[in-house]
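Single chain ahead, written as C-alpha cells, the form predicted alone.
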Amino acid sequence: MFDVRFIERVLPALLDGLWITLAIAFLAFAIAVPWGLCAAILHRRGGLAAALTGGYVQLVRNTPVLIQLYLVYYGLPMAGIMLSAFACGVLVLAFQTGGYAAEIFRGSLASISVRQFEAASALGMAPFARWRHVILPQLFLRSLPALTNQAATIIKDTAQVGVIAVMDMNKVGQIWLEKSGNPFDVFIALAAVYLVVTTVVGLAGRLIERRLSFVQ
C-alpha cells in the first residue's frame, strides 16, 4: 500500500542525494558538450580522424554504462591512476554522453549548407571567426532539442553510479529500501523526484530554444 507518511520520511534523504546526482550530471554534461563538438568537427575532416571518432561513437553506443563504470573504477587503479568514485562517475558519464553529443552535432553540421562556409570564406573571415560568428550559433540552436533530451538522459543515467559507492539519490533510495523493506514506496518516491527534475530540464531547454529563436 502507498504510505504517504513513509514518503514524507524518505524524501529529505533522497533530496540530499539529489545534490550529488545533479553535481555529477552537470559536470559530466559540461565536459561532454565541448568534447562532443570537437569529435563532430574532427569527423567532418574525414580520413583517420573520421575513423577514430566513428569508432569512439560505436564504442559508446554498444557498451553499457555499467560496464564502463566497472572498467574505469577498477581498471584505472591497476594502471596507477587513482580517482575517487565521484570522479570516475563524472568521467564515464562524460565519455558516454560525449559520443551521443558528437552524433547530435554531426547531424546538425550536415544540415548547415556548405554555401555558408563558402560565403564566410569569401568575406575574408578567418576560420575561427567563421565558426564563432556563422556556424556555431546555428549549430547550437539546431542541436538544442536533442541536447536537452541528452541532459535529461544523463540525469537518469546517474542512477548507475551507486554501483561504485557514490551516494547519489538512487543509492540513498537503495539504503532506505534495505532499512525499511518497503521497495514500492521507495521507488515511487525516486520516480517522482526524477520525473520532476527531468521535466524541469525539458521545460528549461524549450524556453532557451524559444528565446534563441526569437533573438535570431
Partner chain sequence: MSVALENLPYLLRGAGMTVLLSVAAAVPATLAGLCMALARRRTPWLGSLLDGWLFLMRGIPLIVLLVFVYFLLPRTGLDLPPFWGVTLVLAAYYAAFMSEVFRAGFDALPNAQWEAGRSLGLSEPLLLFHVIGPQALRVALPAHLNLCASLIKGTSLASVIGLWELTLASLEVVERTLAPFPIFLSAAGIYFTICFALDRLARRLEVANG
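Residue numbers count along the first chain shown, from 1. Given the structure is predicted, the values throughout are model-derived calculations rather than measurements.
Keep in mind that the form predicted in complex with the partner chain is not shown, yet the notes after this line are about it.
L76 is the sole member of L76, A85, L144, L109 with a non-hydrogen atom within 4.5 Å of the partner chain in the predicted bound form. Not displayed here, the partner chain is approached by L59 to within 4.5 Å at the level of heavy atoms in the predicted bound form.
Within this chain, K156 lines the site of the partner chain in the predicted bound form, having a heavy atom no more than 4.5 Å away. In the predicted bound form, the partner chain sits within 4.5 Å of a heavy atom of Y70.
Within this chain, A191 lines the site of the partner chain in the predicted bound form, having a heavy atom no more than 4.5 Å away. Annotation for 7 to 26: no interface residues with the partner chain in the predicted bound form [heavy atom within 4.5 Å].
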